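The form predicted alone is given below as one chain in structure tokens.
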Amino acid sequence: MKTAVAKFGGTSLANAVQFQKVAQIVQADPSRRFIVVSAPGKRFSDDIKVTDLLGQCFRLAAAGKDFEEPLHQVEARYREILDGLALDFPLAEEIDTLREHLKGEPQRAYVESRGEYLSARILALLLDYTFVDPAWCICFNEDGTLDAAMTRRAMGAALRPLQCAVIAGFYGADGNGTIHTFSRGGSDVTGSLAACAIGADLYENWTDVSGLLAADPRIVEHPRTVEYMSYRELRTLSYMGASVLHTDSVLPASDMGIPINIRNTNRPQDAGTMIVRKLPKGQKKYPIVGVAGRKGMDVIQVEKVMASDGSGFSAIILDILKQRQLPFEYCLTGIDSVTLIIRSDLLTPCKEDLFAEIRQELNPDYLGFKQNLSLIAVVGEKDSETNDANVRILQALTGAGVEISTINQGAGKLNLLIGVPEEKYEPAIRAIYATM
């Protein structure tokens, strides 16, 4: 029998009605044997996510202030869910355990992980599935990094003997039992790790949209849903702002070739988007599959005559960034120049010191700086020499009056990174989408 891992996000578990929808989806397909869950998300636009309420509890407790109000809101959210599902669950005991932790020396990761923990306990009770605490099998090092090899072995050992299970997402523990969490949206990573650990045939990621859209619907009106996309394309678009799936969740599944299906909990009849290594035969290839972007970038340009003449000029610049632990989005090199794209929020605090160090170490002929850049990623199939997608994109941007500040093209399939002024970001997205 085929085995699927199904992960349900916060909007899928926002209230009792959503829990019931999840139960119906799981019970509709016996292959959905392993379920990963997030903490309850927003019930309406002005609502507060449970994880955010737990974060408030931690900050107040850590500051020695009264945390009872947000803790009461957390308890009320789960009480509403339990009453709606008519389940008998020891919620008061769980909240008391959390309260006692908050009164001592609270740990942020432990407190913020309790949303997923309680969601998984409740859904396991509703489905009559085994509850699996990821503190048993998602293995972190003491420095908070994931031990992927140990996690795969531990998860396999924990899950394979079980017929069906519900696993809390988002967190794990190190060898001392200290809880660690992934970054926000990390339940996606838990789902991918579980799928790999058991060698699943499919990893389903259930959210509030019917698949991945080819562009941001806040910018482009009614963008099409992408039927198929490669792991690489999804990773690029996720990193650049297409927030349907956590970027780090793509790699484990892609390493084992496990397809990812992005589905809509509120419209389970929709096929959604399939993320695969290679398009099935007969599927239409789109020269441009999707476009996404991020604002808040700065450009540093360093020029020096004969910079590429065996002097290690580029290596010195990259070493300066490494020593400062300052990541860059991408680096362009020319005969006499190096151009770096760096997030503004990371660069601003150290800009003056960084420039002083570059001048001291490299004595450049020119050191330029430009603010307020947006970075746009365009991905696609580009499967023939006659494909003119690149040309159409550049022509569309020119026609829309969008200045191209930087451009970088990957080899092989269509993979463009285009820098444009922030004030032209939305016109640029619309112009690119119009060429699809």
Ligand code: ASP
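Keep in mind that this is a model prediction, so the values were computed, not measured. A residue's number is simply how far along the shown sequence it sits, counting from 1.
What follows is about the form predicted together with the ligand, which we do not show.
The ligand in the predicted complex is approached by Lys49, whose closest heavy atom lies within 4.5 angstroms of it. Using a 4.5 angstroms threshold between heavy atoms, Pro287 stays clear of the ligand in the predicted complex.
Taking non-hydrogen atoms only, Ile35 never approaches the ligand to within 4.5 angstroms in the predicted complex. Interface membership of Phe170, defined by any non-hydrogen atom within 4.5 Å of the ligand in the predicted complex, is confirmed. Comment: the ligand is not present in this chain, but in the predicted complex one of Pro268, Pro259, Pro106, Gly185 has a heavy atom within 4.5 Å of it, namely Gly185.
Here the chain stands alone, but in the predicted complex its contact with the ligand, taken as any heavy atom within 4.5 Å, falls in 36 to 44 among 371 to 379, 399 to 407, 66 to 74, 36 to 44.
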